[in-house]
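Given as structure tokens, the chain that follows is alone and in the form predicted alone.
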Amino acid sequence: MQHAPPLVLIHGFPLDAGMWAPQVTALSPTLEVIAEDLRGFGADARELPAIMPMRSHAADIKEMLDARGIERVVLCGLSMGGYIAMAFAERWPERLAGIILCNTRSNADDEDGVAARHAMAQNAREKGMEVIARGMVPNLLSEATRTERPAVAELVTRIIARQKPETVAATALGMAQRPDRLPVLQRLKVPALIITGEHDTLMPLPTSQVMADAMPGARLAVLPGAGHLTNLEVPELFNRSVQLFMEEHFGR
């Protein structure tokens, strides 16, 4: 797939680019795959403001692409990564060759959602990330994954626990501010793939269906057995879905 645009993988919250290891390994032989830590996450040492909006993370991605001389890409964002991909699409649609939105949604948080983001920010600062990790993992992974593949739960716990509380707090508050970006999707004229998990309780199927319906020609893939972190729970199915999408629209 020599002529395919680069595939940029945008990680979820509160994780880092380490979550994409199965995709980098499987897809790199045929694609140019870029998976980097967002500002403040993982090994990234850049400072964040007190509130880090999704549009600011998107601007960081554009700056990275500009620095590498990359004109057009396929953005693949999971959960918060999807929010960032949509923020990028709003500002720089001409830089998109395609978009893959995984376990995410286009609408803004309601009042309860905003309150939960603020509580997350406070808990990250006051209780630390190990507590956050233990509380989040049951919602991120399906019961089947947690029971049958405990190593995945352990990996996700480790990734969350190593994040900086101030980064998590600033980004949680930034997510609370994001607008409804369904109109952005309705304006997009690029190939689109929507991926979700059969057992995703954080982003249930109707949220994915809304996005798929907004983009003519978009394909919706519901991966069996997976919860919110489809790329880690059923990596073979996830990778195959992405590979087929890239081959269909950008050749072998």
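For every residue, the number given is its place in the sequence shown, counted from 1. This one's a predicted model, so the numbers in the text were calculated from it and none came from an experiment.
Beyond what is shown, the protein has a form predicted together with a small molecule; the following relates to that form.
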Notebook entry, point to check: Is the gap between residue 83 and the small molecule in the predicted complex 4.5 Å or less for some heavy atom pair?
Noted result: yes
Notebook entry, point to check: Can residue 79 be called a contact residue for the small molecule in the predicted complex at 4.5 Å between heavy atoms?
Noted result: yes
Margin query: Quick check on residue 58: any heavy atom within 4.5 Å of the small molecule in the predicted complex?
Written below: no
Note to self: Taking any heavy atom pair closer than or equal to 4.5 Å as contact, tell me whether residue 13 reaches the small molecule in the predicted complex.
What the structure shows: yes
Checklist line | Option touching the small molecule, based on a heavy atom within 4.5 Å in the predicted complex, out of 192, 221, 226, 203 | finding: 203
Next item on the list: Scan 175, 169, 132, 99 and let me know which has any heavy atom within 4.5 Å of the small molecule in the predicted complex.
Entry: 175
Next item on the list: From the candidate stretches 71-79, 161-169, 147-155, 86-94, select the single one in contact with the small molecule in the predicted complex, where contact means a heavy atom within 4.5 Å.
Entry: 71-79
